[in-house]
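Quick heads-up: it's one chain on its own, the form predicted alone, in structure tokens.
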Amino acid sequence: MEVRHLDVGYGKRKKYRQVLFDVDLTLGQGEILGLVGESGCGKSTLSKAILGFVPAAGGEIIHHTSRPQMVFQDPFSSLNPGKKIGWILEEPLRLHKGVIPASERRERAVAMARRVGLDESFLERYPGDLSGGQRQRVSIAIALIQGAELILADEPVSALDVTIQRQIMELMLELQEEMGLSYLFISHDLDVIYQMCDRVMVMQSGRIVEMGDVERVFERPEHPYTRTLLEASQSVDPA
């Protein structure tokens, strides 16, 4: 995926407020690119623009794979509480352009559930019956069941406790390696970014102020804002 000189804003005419300014990035196949910055800096707006949920005021977004899919921070709010997990997993396949027989949809749902660490019995449960980590596994399965190669992960572990965070991060890394996935991994947690990502972008007030290999940025930050973020995150130890 390539993003070139992207500008995004909300509102019209006198009420227009620009949120992203001249954003450039390239995400390669099999790469995990982190995006960090304080709340309100434009991280989520960038992911929405990439998904096509908000229009670009300028610049372009070029996808070299199938349509990207999203893994959200709060899986409970993104899952239909009145439907069983099996129905939820099959829903993207029902919307597929080609007609997929019900038996094949079920087979794919079972296989994907198992791939994210859930056995077939989970397909008969409702979202409210699952733990936060299990719901996030379902969200990952939904993102992958249509064959997406690019996943936008917006704070995917921030709502989980530390032990479950580790499990979900390990799962995402396993899937990335086995399936050749690319992630745009959005987080305010620099420790998570350091453990997950190959490269990192730092966003301040809608602009990318620094970008580079994770170890270089964490060990030798060039921008004052990056240094401020690192100083505020005492748990990050690049050594």
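Since we're looking at a predicted model, the values are computed, not measured. Heads up: residue numbers just count along the shown sequence, starting at 1.
A second form of this protein, the form predicted in complex with a small molecule, is not displayed here; the remarks below concern that form.
All of Y10, G40 and K43 with a heavy atom within 4.5 Å of the small molecule in the model of the complex: Answer is yes for this spot.
Quick one: which of 43-51, 174-182, 26-34, 58-66 gets within 4.5 Å of the small molecule in the model of the complex, going by heavy atoms? So the stretch in question is 43-51.
Given that the partner is absent here, does R17 sit within 4.5 Å of the small molecule in the model of the complex, heavy atoms only? Contact with the small molecule, yes.
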